[in-house]
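Shown here is one chain on its own, the form predicted on its own, set out as structure tokens.
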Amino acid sequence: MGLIKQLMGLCLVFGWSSWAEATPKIEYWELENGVGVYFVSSHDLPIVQIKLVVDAGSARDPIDMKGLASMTAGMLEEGTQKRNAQEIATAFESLGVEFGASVNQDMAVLGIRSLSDTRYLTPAMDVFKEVLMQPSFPGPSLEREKQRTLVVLKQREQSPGDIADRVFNQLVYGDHPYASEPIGDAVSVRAMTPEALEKFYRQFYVGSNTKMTIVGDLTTSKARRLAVTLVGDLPKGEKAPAIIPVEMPKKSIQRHISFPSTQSHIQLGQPGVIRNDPDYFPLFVGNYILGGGGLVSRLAEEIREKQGLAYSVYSYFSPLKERGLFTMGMQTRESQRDKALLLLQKELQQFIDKGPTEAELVAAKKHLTGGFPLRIDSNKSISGYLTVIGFYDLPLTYLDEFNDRIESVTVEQIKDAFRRRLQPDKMIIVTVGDGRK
């Protein structure tokens, strides 16, 4: 076990330095049951990272049971037809395997990281397949997870940042499935049953609704056999239906939530773009200049450095299958809230009207293209990119073309994209803080 942990640590700390020099080759094939497989081979370290990406995010939750997608994914490792949760955890730990499950609005992701030696990988695949194919959703474990989730929900009610996120999301999305938090709400969580989880699992965890990513120390032939072994027996099923489009707000809405705090949380934004939008790169580069570049962004320069109104101020696009959020935000002293909000709106309007300067664009391109190799220098980071490429049907050449797409962005493209995609007069604005004054 000591050697295994050391090797895993080396993978995390040092990554795969050879990938910093060239983008990896992505191979793709499809199994008979509809599972699409994305594979990148690298033999620098004896590690394999595997993810299953299922179109089973919170947007698939039933109207009367929000949080079901998240609970279903989390309960997969709580018991199978052969093992209980402790036995599953012990089996993975004895092999030095890391297992994880997560859910966002669009997708559920199940993943493991294992040594590539067949003495570890083969039994790891057996346990992983058991978790995937034979979940039992035991009642006692579900009740425990429900109580844990209710505690988390209660804690979020005491966090001004979480309150701002929740209200902002609800106001931006209204009745759209993206409006709900993936974790759900107290009423829905209490109503969950093993039967409800089983029904959700049977509908969405099928071949036609699943992508698989494999990154690491395998040949193509071994990766193909591994894919068939792990997911080849999934029923083909049916692909999940398209998510309904997100509508833009018809007018601006401003909401203040009183909360006993000396700091006010400010969020403003509206629906942004989908993940494979043709404007993605102009918006990506433009937002880096506006507020996505940390301390070198325009918002940080104007609001943090010149005005001293906040320690951190930001903006970002979160593209999804349908329009994800465009968000700007910051924390500031309660007495400065109105001034800070006006300045955020002013900076956004100026950026839409005038765009960035050529000097800002050159600096942004230098940082984004120069830092890109470091973002694909490990199996974990490559696996993350493959997840996005596979789920959103991006081209296999996405990584190869990334820097060229960045370099081709112009000031006029950024101005044009921001003008068409954002409507400053229809922003959703949420503030959380002490409103007694």
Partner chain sequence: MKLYLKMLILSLLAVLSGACKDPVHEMTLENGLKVIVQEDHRSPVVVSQIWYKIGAIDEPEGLTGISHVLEHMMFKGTKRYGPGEFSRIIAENGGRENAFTGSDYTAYFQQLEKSRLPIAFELEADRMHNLVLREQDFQKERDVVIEERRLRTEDSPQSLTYEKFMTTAYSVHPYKDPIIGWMKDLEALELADLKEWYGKWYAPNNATLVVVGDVLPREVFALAEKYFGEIKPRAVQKRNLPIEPAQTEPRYSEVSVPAEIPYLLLGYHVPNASSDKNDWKTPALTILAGVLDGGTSSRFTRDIVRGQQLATSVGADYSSVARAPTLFLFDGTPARGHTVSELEQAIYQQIEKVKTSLVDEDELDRVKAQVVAGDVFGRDSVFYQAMRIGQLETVGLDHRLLKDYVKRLQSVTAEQVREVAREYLVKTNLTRTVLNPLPINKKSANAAGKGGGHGAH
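The structure displayed is predicted, hence computed values, not measured ones. Positions refer to the first chain, counted from 1.
The following text describes the form predicted together with its partner chain, which does not appear among the structures shown.
- Though the partner is left out of this view, Leu115 does reach within 4.5 Å of its partner chain in the predicted bound form, counting heavy atoms only.
- Contact annotation: Gly34 falls outside 4.5 Å of its partner chain in the predicted bound form, judged by heavy atom distances.
- At a distance threshold of 4.5 angstroms between non-hydrogen atoms, Gln331 is in contact with its partner chain in the predicted bound form.
- Looking at His265, you'd find a heavy atom of it within 4.5 angstroms of its partner chain in the predicted bound form.
- Taken together, Leu197, Val206 and Ile406 are entirely out of contact with its partner chain in the predicted bound form: none brings a heavy atom within 4.5 Å.
- In plain terms, the part of the chain that comes close to its partner chain in the predicted bound form, with a heavy atom within 4.5 Å, is 142 to 150 out of 346 to 354, 270 to 278, 242 to 250, 142 to 150.
- A heavy atom within 4.5 Å of its partner chain in the predicted bound form is found for exactly one of Lys82, Arg202, Arg225, Lys366: Lys366.
- Glu98 is the sole member of Asp162, Glu181, Glu98, Glu130 with a non-hydrogen atom lying within 4.5 angstroms of its partner chain in the predicted bound form.
- Residues Asp377, Ser378, Asn379, Lys380 of 377 to 414 are found to place at least one heavy atom within 4.5 Å of its partner chain in the predicted bound form.
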